[in-house]
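Before any questions on binding or motion, here is one chain by itself as structure tokens, the form predicted alone.
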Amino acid sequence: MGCGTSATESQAKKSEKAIKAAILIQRWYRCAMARLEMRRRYALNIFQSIEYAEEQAQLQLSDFFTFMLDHFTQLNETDTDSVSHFFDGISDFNTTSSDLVLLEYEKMIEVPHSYRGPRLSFPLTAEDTAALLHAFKYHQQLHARYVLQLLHETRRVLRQMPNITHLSTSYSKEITICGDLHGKLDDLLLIFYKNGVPSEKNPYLFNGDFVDRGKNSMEILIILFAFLLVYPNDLHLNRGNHEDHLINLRYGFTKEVMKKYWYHGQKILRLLEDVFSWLPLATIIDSKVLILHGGISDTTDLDLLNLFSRNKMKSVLKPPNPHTEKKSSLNKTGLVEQHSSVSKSMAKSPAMSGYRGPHTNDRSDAEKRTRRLHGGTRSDLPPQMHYLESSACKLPELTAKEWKQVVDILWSDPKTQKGCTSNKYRGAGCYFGPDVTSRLLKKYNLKMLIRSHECKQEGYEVIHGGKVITIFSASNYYEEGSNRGAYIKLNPDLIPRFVQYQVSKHTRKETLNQRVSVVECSALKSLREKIYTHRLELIETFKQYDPNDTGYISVGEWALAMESVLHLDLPWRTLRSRLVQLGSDERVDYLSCFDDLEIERPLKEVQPALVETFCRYRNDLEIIFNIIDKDRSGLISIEEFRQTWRFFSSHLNINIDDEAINKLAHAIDFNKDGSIDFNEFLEAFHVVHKFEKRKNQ
């Protein structure tokens, strides 16, 4: 009996130790997974904050266009040559019948016998779509003649469609809803592999943002448009905020088209501009589910959206003329608020703090500066910029109300708090709360809102009590492993079924820790580069907290300084250990956040302050230079470069010596032919990591 009792006690002790060990291991595992999840979330947060800051900067270019209109131009209706190629979206054969246009393209553009890609004949068939999928899978390119013919036919079909498409489901005919693809062809091919290609029995809806960022935007458009022509009742498209020819200048689609179709690229881009403007704005399924790209606002009016001429909305960067439209009705739209104060979010340094924008009460200061620089006459405006004044009379005039309606549905994002507020981080649209969602759904007797527009870690997100669903179909959007993609299957029960996936380039599966580390390192690298482009502003702000010039400030002061300059809404205290070093007294060595970074100076003639300015506004300048570059040669004249930079710096109130710009312009004319390769020039101004540079060398 005694031995039996002893053995039982021993086993009990062993079991107790095993349980304690299991609990300890479980606790360690949970802590490790929680740390990984925190790293993954703040990496995604960094990527999104930088993305939204870039979008805000892009949208603020509309202020520049308005500034040019207000201060450098007077409308001259007799100057027909000044009509911009860039806002002239009507193709050469717009008024000609479809058959004649297709024949005209065949006469104009010869397909050589050496061409090994797919050959299309119109009207298209299912065999043509299969040939396109096969060709693009093996990296073949469709010839420019077929691209132009395809785009022309697509426009013809889109023009017959309503602003808001109405669809119905059945149990044998579920609708597949896909979100943003952003030029990621592998994701589209994987969706078709898993779910089948579009057909009469397998309808699809693609909810905008087909282009930009990825390398295969053109192939995605060709595939979607081809299926649209074959199955016009079963393949449906909504417009996204990136179906915008001026947005495309910044995010890569314009470059992609010109690289792949250099000789015919300009004609393709002009036709695409018109095609984008004819894309439907929203879709309603079974009279219960509203699907649109971005979101809604407290003033969203589906009746108005369904009636106005949607092709008038060529670009969000070309809003209605503020002098002909009252702006009071647009207060909830972030982009319009920027028109009232051009440089609030862009200009924080003392050199820029005095400028209050061309539409404030302090107009006289801007006008005086304008006259001082350029004499205030129309003749001083470069001829290439005259599209700014002429486009308004070339295209049908949008009303402010119509413009706001479209901006809101393309750019807005949901939030958990009630109400409708300006979307200050994107710079356009609004944040709408659950109360706004409920009111709109009740008003139109709807059950659910499905939207895209935001990258989600799992490919989708359900909020507002299940009334709002975000679907995002581009996996690895920011970096390999950063997020999954997803699509929705919807049947008459209107209960969404989510299908997730993730494209992987690696045959060997990486561990979760390895995947998170890659994403985190990429995010922190982008953030450090963003920080360095604001180096002078940050140092000046840091020194306000360091009057004795010790080089150290508290963690709280450092976090406040970072947010006040960068406006990224990031958890700076959490990120502190990855960005700066602490001194012995636990105070931040604020200059350490610039360690291992520098901006390359391609020319000795460039002053350090000018280098940082070029680096910070590089993307904005690239857009403006691309607009000036009519023939897409990548070259602009020295005078165009000098004038454009003077206009832009005057607009931002950046005080840079004209002599410095003149010296720079002549210095970068390497072959002294009077032209500047601005793509090569702008590429030279970028932040480099010293350690990586030494490693590569």
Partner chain sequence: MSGSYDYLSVYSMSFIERGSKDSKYPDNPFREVGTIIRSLGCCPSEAELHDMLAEVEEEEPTGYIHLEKFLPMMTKVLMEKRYRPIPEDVLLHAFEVLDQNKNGYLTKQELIKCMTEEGEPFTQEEMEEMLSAAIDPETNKICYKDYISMMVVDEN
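Numbering follows the first chain given and starts at 1. This one's a predicted model, so the numbers in the text were calculated from it and none came from an experiment.
Not on display, but discussed next: the form predicted in complex with its partner chain.
Using a 4.5 angstroms threshold between heavy atoms, Y425 counts as touching its partner chain in the predicted bound form. Heavy atoms of A667 never reach within 4.5 Å of its partner chain in the predicted bound form, leaving it off the interface. Proximity of A18 to its partner chain in the predicted bound form: non-hydrogen atoms within 4.5 Å are present. Using a 4.5 Å cutoff between non-hydrogen atoms, V462 counts as a contact of its partner chain in the predicted bound form. Though its partner chain is absent from this view, in the predicted bound form it lies within 4.5 Å of a heavy atom of just one residue from S438, Q266, T421, Q457, which is Q457.
Look at 411-419, 270-278, 238-246, 541-549: in the predicted bound form, residues with non-hydrogen atoms within 4.5 angstroms of its partner chain sit in 411-419. Contacts of stretch 28-44 with its partner chain in the predicted bound form, defined by any heavy atom lying within 4.5 Å, are made by W28, Y29, R30, C31, A32, M33, A34, R35, E37, M38, R39, R40, R41, Y42, L44, listed in sequence order.
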